[in-house]
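As structure tokens, one chain now follows by itself in the form predicted alone.
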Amino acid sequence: MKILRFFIIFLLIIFFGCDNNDDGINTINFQFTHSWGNQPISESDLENTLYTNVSGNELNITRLRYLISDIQLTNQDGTLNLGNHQLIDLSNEESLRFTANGNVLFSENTTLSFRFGLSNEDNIDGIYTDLNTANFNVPNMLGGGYHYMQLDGSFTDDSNANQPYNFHAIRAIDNTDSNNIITTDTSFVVTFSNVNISRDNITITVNMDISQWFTNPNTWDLNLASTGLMGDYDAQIVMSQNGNNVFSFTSAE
């Protein structure tokens, strides 16, 4: 009888010991912030604040929505997949913060990665209910699937007139020859090394510097290209190249 009682107690210790993750975390919070250089941007700045890009274009922002996917944390414990995708909308405060669940060991040498947009394998037309509801779809004539980003506003052109811009990122497509349609996956993976995962329920903050979309490595002048970019194959390649410099890791605390 004593042996049986000891065995039951032993099993309970194992069960509850495994349930309490003393060596790692179960909850990871993400916070996405936005800036123009060192100037923070929030919902209240939409339509109300003017910015100047490297080409001297004075512009405002009326909408910013973008998609991230394949969120992962990797350290000596392995790789933890934290979610399929998140649509971030500057005008929707709730979308800037989200929580993922999983188990990863505490580590100062954790790598955070996510994809801007969707990979070709995941960018399948019509399969994501939330993105359909948000009207984030790309027309079939432009390859279907989903946007990576919608950055909209107006700018003052060289003749001092107010003009719209639609800086929309999608999978690059050249359909000028219907017998030879060219598509390129212009999504890209963002990676931050040495992220210190030090406690459970930690918040990881990532910033998008919107000014970098117009700066590095390619200087973008809205007078030369401001609308119709979704159907411009070369423009999508340039946008993807610049996008590799827009995100930065802020903190994990």
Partner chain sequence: MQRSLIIFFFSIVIVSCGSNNSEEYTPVPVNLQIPELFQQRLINPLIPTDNPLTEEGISLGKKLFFDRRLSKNNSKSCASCHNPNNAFTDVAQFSVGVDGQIGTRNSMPLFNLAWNFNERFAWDGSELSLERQALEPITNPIEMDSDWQDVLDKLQQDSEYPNLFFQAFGTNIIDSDLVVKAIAQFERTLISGSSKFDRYLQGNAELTSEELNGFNVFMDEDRGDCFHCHGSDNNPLWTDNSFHNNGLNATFTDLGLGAITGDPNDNGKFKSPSLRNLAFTAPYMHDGRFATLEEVINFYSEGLQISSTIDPLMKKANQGGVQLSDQDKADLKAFLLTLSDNEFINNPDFRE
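Positions refer to the first chain, counted from 1. It should be emphasised that the depicted structure is a prediction, and the values quoted were computed from it without experimental measurement.
Quick note: we don't show the form predicted together with its partner chain, though the next part is all about it.
Participant: Let me know the one among D130, D177, E93, E108 whose heavy atoms come within 4.5 Å of its partner chain in the predicted bound form, would you?
Facilitator: Residue within 4.5 Å of the partner: D130.
Participant: Of the residues T156, N166, Q72, T183, which one places a heavy atom within 4.5 Å of its partner chain in the predicted bound form?
Facilitator: Contact with its partner chain in the predicted bound form is made by N166 alone.
Participant: Just to confirm, N48 within 4.5 Å of its partner chain in the predicted bound form by heavy atoms?
Facilitator: Contact check for N48: yes, within 4.5 Å of its partner chain in the predicted bound form.
Participant: Taking its partner chain as it sits in the predicted bound form, is N120 in contact with it (heavy atom to heavy atom, 4.5 Å or less)?
Facilitator: Judged by the heavy-atom cut-off of 4.5 Å, N120 is well away from its partner chain in the predicted bound form.
Participant: Decide whether Q86 counts as a contact residue for its partner chain in the predicted bound form under a heavy atom distance cut-off of 4.5 Å.
Facilitator: No, no contact at 4.5 Å.
Participant: Counting only non-hydrogen atoms and a 4.5 angstroms cut-off, does N137 reach its partner chain in the predicted bound form?
Facilitator: Yes.
Participant: Picking from 217 to 225, 191 to 199, 26 to 34, 59 to 67, which part of the chain touches its partner chain in the predicted bound form when contact means heavy atoms within 4.5 Å?
Facilitator: Flagged stretch: 59 to 67.
Participant: Considering only 224 to 245, what residues come within 4.5 Å of its partner chain in the predicted bound form, judged by heavy atoms?
Facilitator: Sequence-ordered list: T227, G228, L229, M230, G231.
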